[in-house]
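The form predicted on its own is given below as one chain in structure tokens.
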């Protein structure tokens, strides 16, 4: 294999493909590598950890077809460190040579025959608006769990809802629900559970235009331009999230999104070691308070409109800020039942997104 490619093009392609590379090869050392396959002037780079595979295609000046598996992180670091301009890569025997200008590197290759073969995608496909899906993923993926001990909660539920698609994620402390009306991706009643890690990576490559989705029995493939992302689906039953959402909220706070975010950022400086932020809800406005023993305390008043019973409710400040940041528009609402039941954060302008948050019990 032998080809030439502009450094910046190669850096971007390697950066995307290596995001799926296993941090440690484990039982399959080849998974620490990135597979490079050249046919004519078309180079396809593939990274995989078996659960997630990312393939990126780029146009290069091909000189000799071939397949090789290069050490992923090292190759990416080498190419990134080169001067701008043309990069030459040549594979001979068990060695890969990378050169540009006066810089020359030689790296040991990994056995290409050991690299896992990518399963064929399902024939049926649907297209989604890339920008709309990217925004939905930004809002929902943040609520998924990172604890592999409960794999179901590390996924995002994609379910048919009315005439569209619903995305749901929860880590048991918070819940995010986003509807995409008119996006008929699944059959009525159908639902799949997609790893949040894969959707987080998908969000990185989504821009404008469309994304193609192909759903198989055990995997899902997303195609965005020259990038193809394939992930295994999570098997199991997602929690009944509907029963968590209160049917009525007697108390409603309306406040500016940016002022609330700014106040939370300041007050949580004193919320050390998982200290919650208390919010005093009253007719003429709200007060945010954080008190950490032996450290200090912070108070901040905010103008807001509140309708309901005066109360003090407390939240994990990171989780609350996450929900407020995810909402679109200039104003957000915080709907509550009482100081111990789940609260709901929404946008004043749109009802397509809901962020539910469990309060923290405080004395």
Partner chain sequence: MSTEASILHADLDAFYASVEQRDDPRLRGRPVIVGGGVVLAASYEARAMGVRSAMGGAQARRLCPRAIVVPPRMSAYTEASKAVFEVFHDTTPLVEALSIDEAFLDVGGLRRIAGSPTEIAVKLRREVRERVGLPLSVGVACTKFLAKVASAVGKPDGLLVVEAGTELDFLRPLPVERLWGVGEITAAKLHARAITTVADVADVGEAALVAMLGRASGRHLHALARGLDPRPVHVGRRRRSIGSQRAMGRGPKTAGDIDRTVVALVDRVAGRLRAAGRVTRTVTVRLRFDDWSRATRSHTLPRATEHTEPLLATARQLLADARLVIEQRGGLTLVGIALGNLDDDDAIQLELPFDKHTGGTLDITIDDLRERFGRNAVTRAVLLGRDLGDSVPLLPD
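No experiment lies behind these values; they were computed from the predicted model shown. Numbering follows the first chain given and starts at 1.
From this point on, the text means the form predicted in complex with its partner chain, which you will not see here.
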Note which of 196, 230, 139, 170 lies within 4.5 Å of its partner chain in the predicted complex, where distance is taken over heavy atoms; exactly one does. 170
Can you work out whether residue 276 and its partner chain are in contact in the predicted complex, taking contact to mean some heavy atom pair no more than 4.5 Å apart? yes
Considering only heavy atoms, tell me if residue 240 and its partner chain come within 4.5 Å of each other in the predicted complex. yes
Should residue 1 be counted as a contact of its partner chain in the predicted complex, where contact means heavy atoms within 4.5 Å? no
Is residue 178 close enough to touch its partner chain in the predicted complex, meaning at least one heavy atom pair within 4.5 Å? no
Which of 178 to 186, 155 to 163, 129 to 137, 268 to 276 lies within 4.5 Å of its partner chain in the predicted complex, heavy atoms considered? The stretch 268 to 276
Within 4.5 Å of its partner chain in the predicted complex: residues from 54 to 78 (heavy atom criterion): none
